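One chain comes next, on its own, written as structure tokens: the form predicted alone.
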């Protein structure tokens, strides 16, 4: 088992979300998708109210170039969003709604496509509605559920869990024994760790 913690506004979460299930399937690892909001952690830990890539422009310039290299290597399209970071709160709540029915992974990939390829405003219900429909769910029902107290509370609980696990950014991967791996480039290492931990448990 591995927990995949991701934020829809996070640049490196995009390639991670597109890769994680295929690689996990190959490794025999079950992925638990954990959408959350990273902003509260940035604020608490670093005093930031914006993305670090905006707060430190030289870091941002590097990130966009590096992300292009990463996406080129993985065969993923990338379009620099006209707004960065975009408000991801509603998309995260919708993703929470799909956890029980199993459509969260497909919906999440569609949101990343909308944000980082199609340059669409993922905070807009009219943008999210066709993405919800594309995974076989009812947009009106899901959007209403996303505005409900239980779903809002569940997302807040995900942020609390992320804090307790020591997360400070996205994407992050947490294995069954609590080992934390941060960044798209640590996905393979996290899966290797998860497999070795399972092998030791079974021995």
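Positions refer to the first chain, counted from 1. Given the structure is predicted, the values throughout are model-derived calculations rather than measurements.
The same protein has a further form, the form predicted together with a further copy of the same chain, not shown here; the description that follows concerns it.
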query	finding
Any non-hydrogen atom of residue 58 within 4.5 angstroms of a further copy of the same chain in the model of the complex	yes
4.5 angstroms heavy atom contact with a further copy of the same chain in the model of the complex for residue 146	no
is_contact(residue 37, a further copy of the same chain) in the model of the complex, heavy atom dist at most 4.5 Å	no
Contact label in the model of the complex: residue 46 to a further copy of the same chain, heavy atom within 4.5 Å	yes
Contact residue in the model of the complex, chosen from 70, 29, 155, 135 - any heavy atom within 4.5 Å of a further copy of the same chain	70
Check all three, 77, 83 and 116, heavy atom within 4.5 Å of a further copy of the same chain in the model of the complex	no
Within 156-183, the residues that have a heavy atom no more than 4.5 Å from a further copy of the same chain in the model of the complex	166, 167, 168, 179, 180, 181, 182
